[in-house]
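In the form predicted alone, a lone chain appears below as structure tokens.
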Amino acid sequence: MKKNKPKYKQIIDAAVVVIAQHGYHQAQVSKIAKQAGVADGTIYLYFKNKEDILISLFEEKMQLFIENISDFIEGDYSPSEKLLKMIENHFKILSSDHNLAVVTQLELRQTNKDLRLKINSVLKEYLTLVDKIIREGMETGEFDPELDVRLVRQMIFGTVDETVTTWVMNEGKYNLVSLAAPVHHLIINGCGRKKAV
């Protein structure tokens, strides 16, 4: 498998830097090769074209999100705890790699429709984990059993995603991970005021 070859990850990591710095459309394969310290032709031993690099980059990095959280989600924690951990994990990964945050939040959005469809199919596995947490919460009674899973997933991912985008647009001037608890609180409790007992 090409993914196990040593230069594969080197090229992926170089692509993250180049796309973040120059934008996807200006990120020529030659710039990625130079950043990776390989010959231009070497790139084509691993990838068909620049689009393939972007999709592979996203696949590779999404696996990191999934691997970091899968065991916790399978563990003996409440659905609410699992959701908080997932949000924290999402924020930690992106706050620790600003280039990756720029690529995922800004550059992936500027691609053509076909490319976005491929990106969405990569995202499905991650969103399935969100669904799993929601369904578990509905079954245990921690979450409202009448929830529309698809809508809730969109709200959760949309909130997390927009929080990261705003952080990127503000050039990471504040602590993104510190927002995990307030975002989680908002998702779990909504905007309603608790009635006095």
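One-based numbering along the sequence shown. Treat the numbers as computed from the prediction; the structure is a model and nothing was measured.
From this point on, the text means the form predicted together with the DNA, which you will not see here.
Asks: Give a yes or no for residue 159: in the predicted bound form, does one of its heavy atoms lie within 4.5 Å of a heavy atom belonging to the DNA?
Replies: Contact check for residue 159: no, nothing within 4.5 Å of the DNA in the predicted bound form.
Asks: Does any heavy atom of residue 143 come within 4.5 Å of a heavy atom of the DNA in the predicted bound form?
Replies: Flag for residue 143 set to no.
Asks: Does the 4.5 Å heavy atom contact test between residue 172 and the DNA in the predicted bound form come out positive?
Replies: Flag for residue 172 set to no.
Asks: When the contact criterion is heavy atoms within 4.5 Å, does residue 38 count as touching the DNA in the predicted bound form?
Replies: Because a heavy atom of residue 38 falls inside 4.5 Å of the DNA in the predicted bound form, the answer is yes.
Asks: Pick the stretch from 47-55, 151-159, 124-132, 66-74 whose residues have a heavy atom within 4.5 Å of the DNA in the predicted bound form.
Replies: Result for this chain: 47-55.
Asks: Exactly one residue in 29, 168, 62, 138 has a non-hydrogen atom within 4.5 Å of the DNA in the predicted bound form; which is it?
Replies: So the residue touching the DNA in the predicted bound form, by this definition, is 29.
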